[in-house]
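Single chain ahead, by itself, as structure tokens, in the form predicted on its own.
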Amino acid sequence: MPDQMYDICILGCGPAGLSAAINAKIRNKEIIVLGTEICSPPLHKAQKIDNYPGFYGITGEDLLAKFLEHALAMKIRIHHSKVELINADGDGTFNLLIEGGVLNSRSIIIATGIPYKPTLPREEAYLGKGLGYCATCDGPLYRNKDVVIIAHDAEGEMEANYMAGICSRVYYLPLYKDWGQLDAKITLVQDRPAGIIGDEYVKGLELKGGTVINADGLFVLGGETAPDRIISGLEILENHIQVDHEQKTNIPGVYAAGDCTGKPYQIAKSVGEGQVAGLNASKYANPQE
């Protein structure tokens, strides 16, 4: 997988991402879809959907299952990998850093859903100044130091266990239930984060209960879906990716579709934008066709 050149790499496996994948697959494009274990949690949790044609009264979980069944029938696989960074190569293609390697693609479709909202006040001010979104990426900077890890989902446990092997102390604050196996050296914190302690750089974390944890580094994991953090120069307005009627962003070869492009946050909009993005990314990847 890492050595192959794909025509399109699709970030997200919700309605927009799957629609883009299906339409690109029909055009015989080499695609890869990167997504989470549960594609589109907001749709998965919907109790009843009445405004998607042909599926009146269906639950979100069942509708998502239909989408996934369609994709599977077309031999579209979803790889449960998270993109940490995207760089444009000199030849007009893209390199995507994921856990365990690098992917290569001629075009990108971003379909990551509702934009990321900061977990902490003034989070942006500390980004790169002791605050990060990938512990395994920045871990060596905190060797023999104290760090706090705030995790939105169980994927943070792997990164916490990695950090426990190189840091003096790791505090783990899960924002989800039923956490799993943590390294014995990790200090589990069962509280909610209130704010960052620091001046120019992070010095710790204040908790809702009033406790202050002194630390050299702070990581927020699992909630960081803001695309402009992984692809430099992407135009964002009011927390949404700016696109034209062809779902093009301001970066050639990069398209976006679905909730990440703005309201209304509706399934029909996402599916339609995904189709448009899939068609146009296909043309971009192979302009001679």
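Remember, it's a predicted structure, so these values are computed and weren't measured experimentally. From 1 onward, residues are counted along the sequence shown.
The form predicted in complex with another copy of the chain is left out here; the points below concern that form.
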Exercise. Answer for residue 46 alone: is it within 4.5 Å of another copy of the chain in the predicted bound form, judged on heavy atom distances?
Key: no
Quiz item: Hey, in the predicted bound form, is residue 212 touching another copy of the chain, heavy atoms inside 4.5 Å?
Solution: no
Self-check item: Non-hydrogen atom contact residue 231 with another copy of the chain in the predicted bound form at 4.5 angstroms
Solution: no
Exercise. Answer for residue 244 alone: is it within 4.5 Å of another copy of the chain in the predicted bound form, judged on heavy atom distances?
Key: yes
Quiz item: another copy of the chain in the predicted bound form: within 4.5 Å of a heavy atom of each of 53, 70 and 74?
Solution: yes
Quiz item: Taking another copy of the chain in the predicted bound form, which residues along 237-272 bring a heavy atom to within 4.5 Å of it?
Solution: 243, 244, 245, 264, 266, 267, 268, 269, 271, 272
